[in-house]
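Next up is one chain by itself, shown in structure tokens, the form predicted on its own.
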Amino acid sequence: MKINSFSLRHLSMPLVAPFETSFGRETQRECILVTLNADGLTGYGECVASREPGYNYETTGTAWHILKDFIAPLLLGQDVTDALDFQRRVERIRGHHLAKAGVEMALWDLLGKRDGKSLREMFGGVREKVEVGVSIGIQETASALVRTVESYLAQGYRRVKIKIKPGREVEETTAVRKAFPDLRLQVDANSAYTLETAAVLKPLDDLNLLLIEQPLFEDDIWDHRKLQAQFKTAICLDESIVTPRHARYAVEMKACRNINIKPARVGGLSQGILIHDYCRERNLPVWCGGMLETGVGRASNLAIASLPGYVLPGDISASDRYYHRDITNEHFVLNADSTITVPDKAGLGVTIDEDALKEFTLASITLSR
């Protein structure tokens, strides 16, 4: 498809409630909406980089720079055939996966609209509904966390992930497990520990958790291998897996027993599919993480999570978990069985609420050739 124009919108959206992890606390969600126009069609993508470099080195500022000054010139006026063609065009740009993923998502939306197919159909997804859970940030106290978990269970969520950090792990997780003995529960450290300090996590090994996510450094695989050997609970890697190659490293090293596939983190949906396929061939469970996405990114996550290897509930959640008002006209809701229905319309299957988009836009630019 010949890319005629390339637009960026820097958005800032208020969250329903503050979201705190080991690397910071957010009350506003920032991201960049990418819009591609080609052959009379419009495709949307979401670059999930946030304001601060906590999750990784990318921010909305760095992503804006890379998108405008490096990626857009490679696409404008060019006939981009598919996602792999896009990956070849941008491969000389080292890193900046969140920026690349936002553009690739918009390209998939274009291709789906052109062919009259949903992303689920294009990916070969096998589920019309995806099992999901909820991710809960660090709360003021352990008792407050228990009350928050209870509120989400009342809404219908059947799997809960809680964020932890040094000094806020054992008491909190134990309290939740004691209150809800049968809950499908997992924890996420977001790289808050070292191999030495991770010894404090040992009591969690007796709490029947689904997994312990990314306890060690964001670029580490080797020490996770050592840590996994000390735990009966599955270690899950997130930040460490930035390419299909890193997934292979982790599997061959036995550094983890499952992987959280965030398409944005690995540079795009096509790369997420490659990791899914590799892990499925080796019977390694995968699941889809979340980055507080708008309806655009949420639709994308649901589509990839419909693939057969996604056997653990994802951090996708309903739209109202994060936003009173989203930028899409479509709002994703939690079904009674703790699932969310995968969009079945062409492309991402969502349309943009232009009034909401205008309300949340901090800056915008359109490039054309």
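Quick caveat: nothing in here was measured; it's all calculated off a predicted structure. Note that residue numbering begins at 1 and tracks the sequence as displayed.
Quick note: we don't show the form predicted in complex with a small molecule, though the next part is all about it.
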Heavy atoms, 4.5 Å, the small molecule in the predicted bound form: which of 201-209, 112-120, 240-248, 158-166 makes the cut? Say which one.
158-166
Is Y310 close enough to the small molecule in the predicted bound form to count, meaning some heavy atom within 4.5 Å?
no
Any chance D220 has a heavy atom within 4.5 Å of the small molecule in the predicted bound form?
no
Evaluate E58 for contact with the small molecule in the predicted bound form, applying a 4.5 angstroms cut-off between non-hydrogen atoms, and reply yes or no.
no
Heavy atoms within 4.5 Å of the small molecule in the predicted bound form: does Y322 have any?
yes
Identify, from the list L269, M291, L145, I275, the residue with a heavy atom within 4.5 Å of the small molecule in the predicted bound form.
M291
